[in-house]
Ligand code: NAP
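One chain comes next, on its own, written out as structure tokens in the form predicted alone.
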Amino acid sequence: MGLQDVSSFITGHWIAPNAGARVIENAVTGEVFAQAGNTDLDSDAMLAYARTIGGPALRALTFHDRARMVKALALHLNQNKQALYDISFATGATQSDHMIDVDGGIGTMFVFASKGRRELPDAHIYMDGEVEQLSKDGSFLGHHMCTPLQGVAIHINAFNFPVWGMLEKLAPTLLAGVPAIVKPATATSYVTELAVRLMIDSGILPDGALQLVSGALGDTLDHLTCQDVVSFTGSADTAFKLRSAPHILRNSIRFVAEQDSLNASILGPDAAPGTPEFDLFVKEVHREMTTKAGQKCTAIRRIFAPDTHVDAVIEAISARLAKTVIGDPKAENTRMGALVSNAQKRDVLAKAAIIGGEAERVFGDPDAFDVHGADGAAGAFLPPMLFRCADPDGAKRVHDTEAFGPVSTVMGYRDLGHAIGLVNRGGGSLVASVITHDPEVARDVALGAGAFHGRLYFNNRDSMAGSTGHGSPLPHLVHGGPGRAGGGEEMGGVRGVMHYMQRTAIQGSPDILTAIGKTWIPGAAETPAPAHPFTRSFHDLHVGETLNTDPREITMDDVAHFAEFTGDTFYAHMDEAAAARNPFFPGRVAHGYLLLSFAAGLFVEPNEGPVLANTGLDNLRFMKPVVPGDSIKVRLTVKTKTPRNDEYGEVRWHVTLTNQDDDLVAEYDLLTMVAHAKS
């Protein structure tokens, strides 16, 4: 039987490997079964297709359109994930490993789709931050906008997560409105290829939105411009080679890197043997050493415990590792499969030997271990290997050598400051975990180690049931780290989308900024409402549409009644002399919440209509006290509109309260859900 062809998808066509292809082996059997790579791919055509076909099609969609597209892709992949499970066994991964990769990637897409609908506007421009007033009279303002880059994102992914590694980059890229060219690691590219086929065959994506290069990229990076992005996951050496290329540097091409990381876990000084925290610590370390055979960028490579507990930690971890069944990943009782290839196995052994120069191996002999249901000599199998470094201060290589497999080193520390210093010797890591029930321990580590880490994971008896695990990057939070870890930040919700957009400062009048951002800004033109706004459907309302109410006088009886009715008898409302001594008040003043209640009474239309619910107030500020005898009036303006579903959308109203002298008394944003059609 011939080799399986792992094809590329370029300019709308599937292209098979050619004579320059690299072969791929089955991690479990060691047999060569596939080939990937085509040395004749046309880089210029590929980039032009993305820029001229894919980019315009994506940018024509709003953020919400793209979010719906990402969700549809996630649903389609979820319906077909069994095929991805089945093909992934050849990578050496177990079923539980597949779920981390496949389900984790699909789940990441769902999160980005949800955040796109909830946190981004149904528009083509994202307005970032608050408006800056640049002139005294408010006629000249500044703001920041984010627009999609008009280039292409090149995603260079690692071998260990062929589905998640692609989808965690693809989701924010598509949400930003930028086409992607995905280049998976060759060793597991056949899994990525199937995932791409599923997405392409779904018909959900516009032409040019996604292309796949199985094999080498050739000279593609030499043709990038300032509108393009390279997002890389892999070794520090490869990252350095790519990001330091003269063309990348000369054109300031964005380069997002997630690379080597000597992640660590600290057993808190309070977490003695017999505590829930000690048991949790051992469980976390064991999981990180054996999941994906330790081939995770977030896996625990360095284990720090109080000097007095090192022996107990080694004994407990070794006991769990001894129960770990290594073998055929398809077998139900297998808990750890093979590494991705025999080449990777050799690399791990070489790195373990370097670590062994400074540490003693206390568990796991690569020359004598059991493999169940598979040929341990032919496949890329290794046992978990636990080392002990007795002199972590004098050691160097245990702090700079990552064996990308089931290898970890235990080290002792004298006190928490010593532990923090040792953890930071990793030179910048993706994640460090701290297992402690002492909040002050957590605070000290956060202050001392935060600058060296992209994520700090704290866990204990209170949170362990609901925690996500040391090694699980989440789409809600940034995934990356400083220094050795690459300096990049992926995911992080909307933060991840911003990697593929340009932030631009814009300056102009309120009318100009309102027109650009489709968000009404105070000072911009107002349109008198043709009817009470609460009688108008979501689609009928327009940004800038305004209702101005009649005034209402605030009386002393109002203040007294509100105080008695609510129980709010704060002295500023009830005691003239005490209120006069307060530097903020001239005497007794009306309650702020009384003003809000009266404001609602002035602008609310009481009859049943399209307004379904008031869902909150944002940015409430009280600017000037109101005393009995003053009058207030309200201006209610449509600030933004955001569709939520087929039945209703969210209308954000800008509300201002002014007194009889037109002085601003209070302002806030009112949120309401409004039906698309009048009820």
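The numbering used is simple: start at 1 and walk along the sequence shown. Please read all numbers here as calculations on a predicted model, not as lab measurements.
Another form exists, predicted together with the named molecule; not displayed. Remarks below refer to it.
- This chain lacks the partner; the member of 426, 116, 172, 184 within 4.5 angstroms of the named molecule in the predicted complex by a non-hydrogen atom is 184.
- Though the named molecule is absent from this view, in the predicted complex it lies within 4.5 Å of a heavy atom of just one residue from 98, 536, 479, 302, which is 479.
- Of the heavy atoms in residue 284, none are within 4.5 Å of the named molecule in the predicted complex.
- In the predicted complex, at least one heavy atom of residue 160 sits within 4.5 Å of the named molecule.
- Contact check for residue 259: a non-hydrogen atom falls within 4.5 Å of the named molecule in the predicted complex.
- Using a 4.5 angstroms threshold between heavy atoms, residue 156 counts as touching the named molecule in the predicted complex.
- Per the 4.5 Å heavy atom criterion, the named molecule in the predicted complex is contacted by stretch 235 to 243, the sole one of 325 to 333, 235 to 243, 568 to 576, 129 to 137.
- For the three marked residues, 9, 41 and 149, no heavy atom of any sits within 4.5 Å of the named molecule in the predicted complex.
- Along 394 to 427, these residues reach a heavy atom to within 4.5 Å of the named molecule in the predicted complex: 402, 404.
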